[in-house]
Every structure is written in structure tokens, then in C-alpha cells.
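Two separate entries follow, structure 1 and structure 2, each one form of the same protein chain as C-alpha cells.
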Structure 1
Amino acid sequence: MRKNISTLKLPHYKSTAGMAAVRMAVPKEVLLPVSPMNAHSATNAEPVVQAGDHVYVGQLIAKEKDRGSANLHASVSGTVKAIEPYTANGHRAVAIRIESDGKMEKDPGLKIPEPTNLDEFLACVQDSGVVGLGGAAYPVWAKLSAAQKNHIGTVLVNGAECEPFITSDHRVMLEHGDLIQKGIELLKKFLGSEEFIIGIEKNKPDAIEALTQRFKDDPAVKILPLSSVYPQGAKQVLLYNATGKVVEKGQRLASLGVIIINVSSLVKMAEYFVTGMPMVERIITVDGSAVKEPKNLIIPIGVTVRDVVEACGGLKEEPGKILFGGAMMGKTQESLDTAILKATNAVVIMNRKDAQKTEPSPCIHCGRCVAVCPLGLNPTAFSRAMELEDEDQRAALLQKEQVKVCMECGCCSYVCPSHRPLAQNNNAAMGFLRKWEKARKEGGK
């Protein structure tokens, strides 16, 4: 990765930044996929309930099978209506459909965990079902387990929230400073970390001030104001801007004595140790030119886009595009009936005018995509590779150009004067290479 990291100045569109999160009404039903559905390495949890079972809020309904899956808990009380096939973002799994009884009764078996050592602490985090809430959906316990082999001296708490529209992390920092503090206390105790850096973009001065005051007497915690540029919240960019360190291809952050945790993930982890309630709800931002009343909402996991739109007064225009996430890295959804996942930090719905695509034209070889890439990659080389008919040659070129390093930030597409779909092509190239490498491995070549 280049040492001089390129970044973009983007319009913020953060109209909901000053809006405290409000709890939506109890939905009639929820649909809970047993897979994160948005992570290439995701695997399915195993359902432990059956159709007809009564469940309580916080009750385990699907158990993780490996480090790529996470425990799943009922987000409403009621009856399991079905365990049915479900597809989203190209991932296929099953989903557990629960009809709410409207009571939101908590699982009577819930209890506040009391770990005494690192292994017990990690097991408790595993039980909580908390995943990375910045979008990656990687189980938090698996990330923290790096402390079993490496001393994690520095914890970077990611509060950058550099994507346009999204303000859910911002509200978490303003409304749940006590849980941020609790989360840091837990990581001090069980990971033995000595330094905590909370990185926050300068466009959130109220969050910077609130956390500066909260931690003013704790020398282990530093509040770091960051330039409001994109993609400031990306792992590689945040690491460099906060510590000056660079993570190389194939290198794990833990080998540098560092881990990065999203601020909402930290809060959800801490909440489990305070209340005993696993992850069943979260704050999301609902915004976009088609939304009548943009808001920050506290939602049960598994509600549909239609549910949250209704909680925001409905749509004022015909939707042209539905995104989970922000305008740069958000994933397009096909329907208002799509279920909202643990890692969904925003639902952005554009009207038809704003969603209209500009027709691409031939590449003019200006090099802007290369110049702006935070990791120094060459998106045009990926495009050339995908045009090769010979799959082995295509794979060899993609490997040479390190396509798997791409973090899909979308900077290349944003600056392209020919409006070429570079980010989408990068995604397709990575998908092809994963399948090609898997086939070669299974074929023993």
C-alpha cells in the first residue's frame, strides 16, 4: 500500500446528524437470515428452532458453526412461522420468519455474563452474536481472539463514519458514551491494551467534544479528530492516519499490535456485559431523496425496508434505488421487502432522478482512478483482465495486479470522467478470482 494515501472530498448529506435515534413501533414480523448475506466469507449459522416454536427476545434461534458465522437471536417475541429460503446480494441461505406477538417479552434465561479471563471473555462475546457493524459483519469475538496470540497494545475505535448520508455511529457516540467507556474498560481488562484511539471526523465536533470530556481523566484514551475525507474510515486509511503504520498485503493488523473496532460494535459488545441482552437491535439511518421524513431509528434486526420506510412517513417519490449503506459502498437492494441485517447501518433510498446512471464511454487513459485509489491499485488493469477469454490468463493478471487487495471504496468510479463502472468491475473481478482459486484448489492444481 502506498504511504501517501489518497482521499476524496465528498458532499456529506448528513441531514440526520442532529436527530436523536427514536425507537420504531414493534413490527408485525421479522425475517432473520442465518448468514450475514453481505460478506464473501460468510457462512450460515445452524437454526436451533422449528416452525411453530414460541420465542422470546434474545433467545438463540441459530448457532454459529465457524468464524465466518455468528449466533442469531430473536429480535421480537412471538411464533416462528417458517424457516425458508432467502437470497440477497447474491448470497443464498435460509431465514427464520417470526410473527411478533407485540409483547417484546425477554428470554427469561438471559443473564449478565461475568468472565474472569480472556478465554471466558471471548466466549461471552461469541455468545452475544455481535458482528462488525461498519459493514463487514465479521464476528467481533473472532477479531478480538487475535489477543490470544498477539499482544494488542493499541485499539483503534472507528468513529470516522466517512460515508455520505450515514449518521448512526455519530448518534451512538452522542447517546451511548457510557457504553463506549464500558467497552474500553473490558478491553483494558481482558486484552491488556494500553492505548485507545477514538478516531472521529471533524464534521462531528459535538461527538469529539462529548468523548473528550468523558475521557479527560483517562490517559489511555485519545480522541483523534480526523480530516473529513473519504474513505477515512477504511481500515488501511484509519490505521495510517491514526498511527502512521501500514499493513501490507496478507498481513494482519494484530501482527502490528493493533486491532480496529467500529464504535457501534464496541457499544453493542459492552451492552451485552451490562444487560445480558445479545445483539437484537441497532441504530440505523434512513435517508435519501425519496424518503419523506429521514430519521435515525432503533430497529429490531430483521425488519424490512418497507417497515422502516413506514416509520419515516413513507416515500415522497417513486424509489429509483435502495441501498444498504452509504452512497459510495452501499449495496443495492431489489425490494422494499428485503430484511435489514445486523451490519446494515443505513437505508438510503434515492428517487429516480438521483438514481439515474450516466452511460459509460470509452476509457481515456487519464489515470485518475489510479491516482485516487487509497491502496495504489490499477482498476483499468482489472477491466482489461476481465476482457480476457482465457480464464487462466485472466486470473494470472488479476493476481499480478492484486485485485483482492481492493476494499471496494468506489473512489475509482467516482472520479472517472468516462463514468465507467470500475467499482462494480472490481467486485466482479474479485468474485471471479475467488471462484477460480477455489476450483483450482478443489481440483488439486
Structure 2
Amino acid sequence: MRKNISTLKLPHYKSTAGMAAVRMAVPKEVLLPVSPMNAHSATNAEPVVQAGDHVYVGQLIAKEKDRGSANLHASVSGTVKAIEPYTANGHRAVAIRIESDGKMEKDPGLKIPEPTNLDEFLACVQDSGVVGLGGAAYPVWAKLSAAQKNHIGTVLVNGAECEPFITSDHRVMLEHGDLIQKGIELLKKFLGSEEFIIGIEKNKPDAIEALTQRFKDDPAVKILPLSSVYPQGAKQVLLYNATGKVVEKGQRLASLGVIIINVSSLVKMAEYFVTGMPMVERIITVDGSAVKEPKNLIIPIGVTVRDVVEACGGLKEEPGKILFGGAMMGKTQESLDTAILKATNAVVIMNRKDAQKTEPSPCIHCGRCVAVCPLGLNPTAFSRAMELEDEDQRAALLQKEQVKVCMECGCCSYVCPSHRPLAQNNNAAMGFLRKWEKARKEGGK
């Protein structure tokens, strides 16, 4: 029998799991970035509205520019106040600022799409602006378009939600079972997939039970309870634990006949085919030691952290750290004025005490990072490599130790008794190697 990848048991901090998602009050304004914020934001889009224009909820306000970006729609009705410079975390971007009229009027032009073949279906998904909501923000239509070249026999629906604090996918599974079913029907029809595996960690027994009931008459759908270990929801880990397959170097997941789609992305996609409303809102978890009343909120895309916090009773302490995402892979934000993007599944605000970092001490070679790495890498080797002066030697060692396989899950840093920033070093090492290889390539020409 195949042994599952099972690495790190984490505290869950999922205190919001039992809280049904509630809709927050209509914000005064929203900020929707339309230039690349980072590698995983899918925000590179061309505005199609001007300052002063009136917009409805669901109206297209910016059109995607490339395969890595997505259409953007107004998430409130009101007036476009400005298309203005916007800075978040040092990224200088441009954002569309819409002042809400408080009415949340839907775009009367919205229609329920009725595709008849794969190409039309993909075009509809493209119109919807739905991106990967687990954090990667890769446009869903681009992911599904793999079906044009490969037969996608298996669809893995990712409901693992292994990150501490986050319960938004959990709520989606409990509250939108109908849309999960609709999404699966769509993929069955247009992708021709025969097998659907919904992977859910066992710390969500109610979701497992609800979906098992819902799909009990559908032999194509299998609900797979997974052990609650981190990073169960990571691509390679979920793929291996659910199917025993591995994406080897240079391979694409789709070439194995598999795609992995986050359960919230599937639901958002299905919603478009039911209501005709593109991606303008989502469920997020708001939690952390500085938040007064942690909640699951339905928010319009583009609200600021400040508005979201207000909807949760405000802060009880000064924020020590503001995270988009969970406690392991969440990205720190520098201010409460940062706007929430489509792929933001949680806002975690820690107090000063929880945000404090311990100073690193020398590596004692205990091997915990090696034992815990779900992919079998050796983080200490990357540290050793990065200490080498000679760049060619450094690159050679990093290549040999396969740093590019690293998915930055952070397990190594979490367990390190010397508190060394291993995951951060891995990231730096990957950045260095990419640059070095690029320079090498250009130099060789």
C-alpha cells in the first residue's frame, strides 16, 4: 500500500469553522487594482471605464491583458471616482476606485450563459473573471483550457484547506453544495471527465458528511477524507495522496489527465452559469488575535482591510501583522488600507505578541527540516549553497539539490528549533537561481 505524504501536524486555529458566512454592509468605496501586484494576483487588466462613469454590480470595468490575468467587474454599483496610482507592499500599481451608491444595483445587461461546446464554455469562464481562489489566482479558464489538448479524466476538487485559521472553503462546502454539484455537472459535460475526487481534511467532518450525502447517487464523485496534516492541500501532496501520481520534472499536471481545482473556484465558476453574475464577491475568513469578533464574511472584491475589520467589530489590539491568507503561507500587508483581491481567502490580523519573531541561532543539524519536507528536499543544503561566494558554485549546488521543486510551504521554518528562516532562504535561493540561469542563457547566445 502506498504511504501517504503526511508531514506536519499544526494547531488549526479554525475557531470560525462553525460561523456561517454573513454579508458585510455595503462599503463606501472599493479599490480594484488593474496592474500586476505580484506574480499571483491576476490583476493585469486594461480599464474599459473612465473616471465619472456610472457602473453596476457585475459590469466589466477592466479587460484581461494576458493569459495570467482576468477580467475585472465592478463589485458595487456607483461612480468610478478615479483610475489612480495605488501602492501596496511596495508594488506600485494602478487601481480603479469606485464610490458606492449603496444600492448594489445589478448590471441589467447580465445574461445567464448557455455554452454548447468546450470552446464556448471556456470563453464563458473567461468572461466570468474567476481565478484560482486557493491563493494562486491562476485564471480558471486557462487551467480548464488544458482540456483542449489533453483528456482530463480526473478532476481533483481541493477542499483540504490545510492552512491554520482559514475556514472559507469549509463554509463554501457547507453552504454551497448545490453549486459544487452544478460545477461538477459542467465539467462532466464540457471536459468529459469521468472521475471527481473531492479531498477534504478530516477536521471538517460536517462538510465530508454533507457532500457524501449529496453525491451518494453519483458514482463518478468520490469524497475523500484526508488526514489533517499540513500541507495536505498543496498540489503535489494532494495529487499523490489522492491518486498516487506525481508531476515529474518538466511535466504538467494536465498531461497526467488530472486537474486540481479549489472548491471555492469551482463554486464561483458554477455560480456564473446559474446567475450570470461574474466574480464580484467571495467568502473570506477574518480572524487572528487582534480581531474583536472573528467571522466568515461575504465581501465585495476590492474592499479594504479596514472595512472588513470594522465589519468584525474592529480591532482589540494594535495590529502586529496583517496577513492575506493563513498563518503558514499568508502574505504580510503593510497597511489596513490594502484592498482585498479575488484570491484573498482570509485576513488574519495578529497582535504584537503573536507577530514577534525569535532571533535565529546556528543550525544544529537536527534534521527536522529534512524529515518534515513533504517533497523530500534538504533546506540546510540551500542555506549552505547561499553562503558560497562563487555564484557558479552556488548555482550548481542549488541545481543539484533541486531548489526549484520547493513550493514554499514553510514546514521547514516552522519546525526549525534554531528558528532559522529556511523557507525565506529557499525563496531567495530560487530567485537567485532563476536570475543566474537567465543570465547564463542570454550570455550563451
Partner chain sequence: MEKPIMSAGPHIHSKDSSRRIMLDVIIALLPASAAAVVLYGLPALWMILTCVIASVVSEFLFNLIARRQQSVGDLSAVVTGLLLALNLSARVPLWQCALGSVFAIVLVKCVFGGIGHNFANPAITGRIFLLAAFTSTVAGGVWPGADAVSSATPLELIGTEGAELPTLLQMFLGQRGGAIGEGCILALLLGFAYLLIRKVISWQTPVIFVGTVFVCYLVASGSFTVALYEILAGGLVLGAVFMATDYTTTPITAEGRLLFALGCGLITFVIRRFCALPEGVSYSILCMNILAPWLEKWTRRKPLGGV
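Being a predicted model, the structure only gives us computed values, none of them experimental. We call the rigid core the largest set of C-alpha positions that still match within 1.5 Å between the two forms. Residue numbering: structure 1 sequence, from 1.
Note that the form predicted on its own is the one shown as structure 1, not structure 2. After superposition on the rigid core, the Cα of Cys366 moves by 2 Å or more between structures 1 and 2. Residue displacement note: Arg23 has its CA displaced by under 2 Å between structures 1 and 2 (rigid core superposed).
A two-part rigid motion is described between structures 1 and 2, in which the smaller part turns by 11 degrees against the larger.
Once the rigid core is matched between structures 1 and 2, the CA atom of Val405 is found 2.3 Å away.
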